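Okay, here we've got a single chain as structure tokens, the form predicted alone, with questions on binding and movement later.
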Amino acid sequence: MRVFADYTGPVADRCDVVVVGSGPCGAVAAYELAAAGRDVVLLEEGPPFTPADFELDGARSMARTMREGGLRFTSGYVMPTMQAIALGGGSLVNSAICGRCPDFRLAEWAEAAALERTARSDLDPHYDAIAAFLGIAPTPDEVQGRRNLLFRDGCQALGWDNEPCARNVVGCRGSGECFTGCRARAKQSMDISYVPAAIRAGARVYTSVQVQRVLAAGRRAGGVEGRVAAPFTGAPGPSFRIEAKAVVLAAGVLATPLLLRRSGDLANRSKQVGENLQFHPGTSVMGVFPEPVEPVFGATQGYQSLHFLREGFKLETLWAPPGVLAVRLPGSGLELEQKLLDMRRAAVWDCIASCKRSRGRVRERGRSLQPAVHWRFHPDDARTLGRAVWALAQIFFAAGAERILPGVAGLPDELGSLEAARVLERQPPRAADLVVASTHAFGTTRMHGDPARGVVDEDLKAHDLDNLYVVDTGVFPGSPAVNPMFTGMALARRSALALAARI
């Protein structure tokens, strides 16, 4: 593996397959191709991180591990959206939740996108293989911490489905540090799992390299080129060029379409590249309990409820650095100080919504490789998220909370009883009333059986080229209803095996 300090001049290499992006989908593809005996080069724009590099301060961590310092947002409706820039991509800083896309949602995909081989039974062998590789298993009670178990208790009191989150961790101690990087190295992020396995299988990894163009002629891609990029500043360094028999793009939902457009509007006869952008917008509610909860202890996101999945939302527990969570606290001065002191007795739970009516697009921002992201939050989807907030309120009071902080504009900062919280049910919020964020994105290079309506086929090969593949979650025809990482990896594995058989 080469890092920034290794580059002293222009870089040139040649291989069977070049994979762009070392996040969950790219890392799985690189490993499977290398394990099949193909000569693989894996490229990553960010640097590798070790536990000594992790910052516990949330703002400093985001500035180092997220694109644009974690301050990227959408226009149309202003919503923060975070994408990692690091070896291992988002797996370095996510909560390791691994949920399989439900049957009903895959059936909807099949009908909407004319898919014939993407039912749950088609994907289960790939889910199984990845689960075995990463040790994916439900979070045990021993590492849940009280914050997560209160969520379980509240759901059980209401008779709602609940379950421990399945996660890609081994030996987790419930330190709650997923967001800033797992110092215990229990989380099996790609930088310590699939990427090293790919290297052992023969892959070469170049970090701190920014791919700026896909080389192509006619229906054939011939490789990629770009420049070395300094960690944290992006300052350009020497040029590089990788020639390959096949190109696999896993740069992410916002970056892959920009790369295709900068490469001569590649793979875009359908005019769908950069279109159909969807998110899982989410919001959170804080509840304060009579007794200490000590929320810093316990799995970052250890419990979830899929009870309302068919109605369009998922409920789950949440933890992040206190400084990040405190941004949502109302008040100032002594009032804010008291609320910060109350965090010892608090839990934060969140909801994410499928939001199938809310759409957007991604374009280049000037001449840079940064995206201009436009997205509108449909009023019906905002009402769905409002119902999810009301559901969280019910769980809090069923679990014994003395009050909640709903974080909805136009409502009291605190609601002290279930009866008082019914205002959430009576007055569905408008989109502008909710404070939302999202890291789950889909659709900008969507998979479709009809080449006139999609960018890639069911093997994730571009309709317009014979040897160009896109394997990040941009290929999803829509929301997977649950956290997208596991399904993205399953689709990437299937695609890599198909590609390995063709070259």
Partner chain sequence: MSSIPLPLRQLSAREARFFAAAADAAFPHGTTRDGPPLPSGTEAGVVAHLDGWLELLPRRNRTLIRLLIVFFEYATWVLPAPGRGGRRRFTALAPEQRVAVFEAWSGSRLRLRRLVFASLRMLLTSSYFASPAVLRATGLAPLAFATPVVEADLLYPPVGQARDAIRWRREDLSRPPLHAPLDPHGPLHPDYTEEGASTGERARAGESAGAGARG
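Residue numbers count along the first chain shown, from 1. All figures in this text were calculated on a predicted structure; none of them were measured in a lab.
Omitted from view is the form predicted together with the partner chain, to which the following refers.
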property: Non-hydrogen atom contact V296 with the partner chain in the predicted bound form at 4.5 angstroms; result: yes
property: Contact flag, R213 vs the partner chain in the predicted bound form, heavy atom cut 4.5 Å; result: no
property: Close approach of P290 to the partner chain in the predicted bound form, 4.5 Å, heavy atom; result: no
property: Any non-hydrogen atom of R38 within 4.5 angstroms of the partner chain in the predicted bound form; result: no
property: In the predicted bound form, the residue from I192, I136, L115, L318 that sits within 4.5 Å of the partner chain by heavy atoms; result: I192
property: Contact check for P48, R185 and E337 against the partner chain in the predicted bound form, heavy atom at 4.5 Å; result: yes
property: Region of this chain that lies against the partner chain in the predicted bound form, out of 56 to 64, 23 to 31, 471 to 479, 450 to 458 [heavy atom, 4.5 Å]; result: 56 to 64
property: Stretch 1 to 22 - residues with a heavy atom within 4.5 Å of the partner chain in the predicted bound form; result: M1, V3, A5, D6
